[in-house]
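Take a look at this one chain, the form predicted on its own, written out in structure tokens.
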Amino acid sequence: MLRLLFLSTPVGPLGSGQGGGVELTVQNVAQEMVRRRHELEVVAPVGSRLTNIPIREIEGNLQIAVQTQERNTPICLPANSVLGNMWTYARQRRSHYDLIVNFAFDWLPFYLTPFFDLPIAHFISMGSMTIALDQIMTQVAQQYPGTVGVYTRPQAGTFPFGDCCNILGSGIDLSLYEFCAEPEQSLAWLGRIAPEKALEDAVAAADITGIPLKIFGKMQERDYWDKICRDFPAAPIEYAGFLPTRELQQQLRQCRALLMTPRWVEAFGNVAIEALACGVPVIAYRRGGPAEIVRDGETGFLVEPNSVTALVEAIKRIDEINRDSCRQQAETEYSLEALGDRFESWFMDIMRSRNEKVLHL
């Protein structure tokens, strides 16, 4: 049994949607580790919510999301930083744990790594974003081999240390997602409402095809959303909000396809496996994590990035996809058991390496 201390994202409380897909990853990995009888505590900003998992809520000002910054943005911590306070708590409690697992995509945890006498596993949830982060991550990856994990190979390829990364993928609780064999005449788009997600491409495709588009996710940038509504006043779109998993899947499973239109290199795309779990094919740009998830022509289509025309053509072919194949892929590759096997093996490898070093001292 391992004693694990998880440090969550500092950009928002767990359950708020502000942290994007990494919130679901923290929840699911923690849930599976507890099921395997590891001792675990999650440290996260005040207002965080997890089901049946011990959580320590930390006060402080949230960190600015890195995807809103430029590549040369300098390191910045707000006054009374929740990130700093979380790591102060980790330092105070380190003797109670065997391993710290960092889920924050931020400079500070990597910088602090050499100052801890406890091994730290860093799970990186996005591709390369800033020069400063790349530099400190590279130092840690080289100094502490095997301690850096990512979702996918395309994500790892954005970093100078990509060859040093453990590829861990993702997973979901499949019992929460119900299969639907006969969908309605609608499409879905799921994600944060922010420019890097390029929602406007999906709206343009819906406008051209006339097929209603249901939009789910955190309203992160209202001005961006308002501009889309002005640019496509007649598009058949409906914003359904940011929904809990059970409510989300009830609507998602009834859609003919999920559209994924990221403008950046998506590290993974938990929304893709949520759709597959419901039997919903995925039409995604051929870049980043979705390109590693979607089986082109079998569980969806991978199309030319940034091409609305390509999206429209794929939508026309969506009935070629067998929805049973989508659910089967989710069950085979993205169950919590499969996710747990990958993360548990990674944790154990880090502990073995640590113990070997101690023996040689």
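Being a predicted model, the structure only gives us computed values, none of them experimental. Numbers follow the displayed sequence, beginning with 1.
From this point on, the text means the form predicted together with a small molecule, which you will not see here.
Heavy atoms within 4.5 Å of the small molecule in the model of the complex belong, among the stretches 243-251, 159-167, 221-229, 100-108, to residues of 243-251.
Among residues of the shown chain, Phe123 is not one whose heavy atoms approach the small molecule to within 4.5 Å in the model of the complex. The closest non-hydrogen atom of Leu190 lies within 4.5 Å of the small molecule in the model of the complex. Phe216 belongs to the set of residues with a heavy atom inside 4.5 Å of the small molecule in the model of the complex. Remark: Gly12 does not count among the residues lining the small molecule in the model of the complex, judged by a heavy atom distance of 4.5 Å or less. A heavy atom within 4.5 Å of the small molecule in the model of the complex is found for exactly one of Thr261, Gln155, Thr147, Asn270: Asn270.
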